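This document starts with one chain, in the form predicted alone, laid out as structure tokens.
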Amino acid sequence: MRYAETGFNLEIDLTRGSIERVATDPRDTELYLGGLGTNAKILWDRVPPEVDAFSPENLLIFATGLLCGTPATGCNRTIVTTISPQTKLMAFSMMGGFWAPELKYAGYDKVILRGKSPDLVYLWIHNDKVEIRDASHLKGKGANETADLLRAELKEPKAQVASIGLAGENRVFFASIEQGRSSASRGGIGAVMGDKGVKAIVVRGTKDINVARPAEFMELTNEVLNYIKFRNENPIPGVMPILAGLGSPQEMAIHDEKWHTENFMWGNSRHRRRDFWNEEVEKEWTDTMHKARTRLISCYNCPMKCGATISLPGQPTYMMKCFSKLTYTMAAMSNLEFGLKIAQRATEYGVDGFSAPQVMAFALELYENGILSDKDFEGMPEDNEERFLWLLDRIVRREGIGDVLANGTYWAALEIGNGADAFAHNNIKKHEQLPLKLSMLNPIYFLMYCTGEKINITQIEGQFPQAPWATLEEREEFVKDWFQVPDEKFKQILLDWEPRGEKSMPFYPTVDMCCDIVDWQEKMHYIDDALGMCAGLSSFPLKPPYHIHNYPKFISAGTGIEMDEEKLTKAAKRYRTLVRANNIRRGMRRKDEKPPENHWKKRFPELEKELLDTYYKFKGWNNDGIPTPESLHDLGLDYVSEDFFKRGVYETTEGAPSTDTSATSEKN
């Protein structure tokens, strides 16, 4: 018997209309865990670098995490993996909610889509009954609207629905997959779902999931719940309680947005408004939220209320997700009421709440600077807010200038030319970042941005503080009971870290220390993404309930696979390296691993070079960021180095010309 997982994937060929229930190899679980780990292996085996995002040979994988559906608190993530039309690299985006546990209860660990349907369809998965159904009546419908219609059509009010809106149907490069309480947004994975002709995947499951050692597993789960309760009753000075400080609770229940609005950049991520927040604005925004917010809600089996249902007059109720509360507001230099209004429309259209606002602000900057003309914006309203609504409609419909903008700022700038690339200033690996720019180079974040392949700040930063506390006494207080650290040396690094002077940024933490910190933070995110754990309870907050010391126990008790910290660390490194190998095989090199030029005002080129050189060596990569044959052998990935040698990957040199291709080819 397989424990924690079902041991079966659903393989659906949309071209042929075939459905297969395929048994999986338990050895792969031990080596790659599940979720993102086994997704990376499947993509490596079956999607060679010659396959582009909109090819029938590209796969779209919906994976449950290894511990999804078990009693593990907060373990509910769906990991969606494909080749991104935006970056041309491996994309993986997570969504919470109830969809992944429901798929487990239906009897499957993954749904793997290949091929393309000639007509718009949806998938209906109800335990052993799996059907490809006509979705022509859903064409053009909103993502949430689609979910409501399908639940009514199937007479299954408890069914979980992952769906796309008009943006996905029209292959907008930053289209998302929505599922009510969450979305998988980064990398344009909704565009791939639309390209395959799939409007939605509806799941209803009523089967059981078994764990290997139930009593031990429940004891571990109770320890996590007790720790969460303890942290809330005994808050750490300077650190928000777990149930109050992450994601939407901070933004939905606590209305002080001074830090975000005065430190994050407005418009096209350029303008800092240091004196924006005042009593009048605070009252206006608080009143707006109180009127609009229906309630705070949680995902499956989780005590964190990290989403809020928003109801505006004359508009359907929708769920606001994390920082998207502010992205549209700040891009349009507007107010919160406008932000909540346009976010509802954007959710129905199914677009990434970080990329879409930047694309629209980018377009208006090009217009204001004469790079785009009145002809490009024929029919655009004069009112600033109405312009954003107008642009959003044009983008998701790929009409006029919207057809160019739908490819994102990087590809749009290449197509527009005439200096437009100077305004597409906030990209890394061709993907938009959060609208935040700082003064002094932060070496830890430099490495995370450069070498990270998740491209989302909440999926990069983590359990080590972003900055030192002002006094040694505060730092000493923090390191007490800091049992989550993988090594005691991290306590000393924090104790010695000072806001100013010789032991402050950018020269402290030292280069070697930065490598250790980044590796720790990355490792925890990758473990979360294999297990299906919410980052808000593990890799993202300070002093979380899940950490490197209790994760092996959860895996052992849940799956029956004996696990310890060393084995788990190696497994995470194995599939993290495989993610990188997928992207190296697709052309990613050191030249791609640099943050936006103006991300920090004060840059240190020699230090930045040393950081990358040292981190590459630390990770077992050569000077161009390619995993070496020796490091691959140590991880049991000899098949990767064999492929690299066969393809001449090791013959490439640092700084080789980019192999970018036109975005136009992806649309045709």
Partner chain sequence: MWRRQNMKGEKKKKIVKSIRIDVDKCNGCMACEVVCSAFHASPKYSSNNPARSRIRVIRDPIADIYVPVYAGEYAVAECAGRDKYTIDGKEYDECAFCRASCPSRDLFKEPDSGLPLKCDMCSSDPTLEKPLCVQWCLNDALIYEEREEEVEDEPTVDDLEIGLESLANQYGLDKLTDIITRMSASKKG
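Numbering follows the first chain given and starts at 1. If you're wondering where the values come from, they're calculated on a predicted model, not measured in any experiment.
As for the form predicted together with its partner chain, it is not shown, yet the points below apply to it.
Here the chain stands by itself, but in the predicted complex one stretch of 491-499, 287-295, 465-473, 589-597, 287-295, has heavy atoms within 4.5 Å of its partner chain. Listed residues Asp383, Asp208, Asp512, Asp487 were compared with its partner chain in the predicted complex; Asp208 is the one with a heavy atom within 4.5 Å. Contact annotation: of the candidates Gly140, Gly267, Gly560, Pro303, the single residue with a non-hydrogen atom within 4.5 angstroms of its partner chain in the predicted complex is Pro303.
Taking the partner from elsewhere, Val121 is found to have every heavy atom lying beyond 4.5 Å of its partner chain in the predicted complex.
In the predicted complex, at least one heavy atom of Lys229 sits within 4.5 Å of a heavy atom of its partner chain. At a distance threshold of 4.5 angstroms between non-hydrogen atoms, Cys299 is in contact with its partner chain in the predicted complex.
In the predicted complex, at least one heavy atom of Thr317 sits within 4.5 Å of a heavy atom of its partner chain. Shown without its partner, the chain has Gly69, Thr70, Pro71 in segment 35-71 as residues with a non-hydrogen atom within 4.5 angstroms of its partner chain in the predicted complex.
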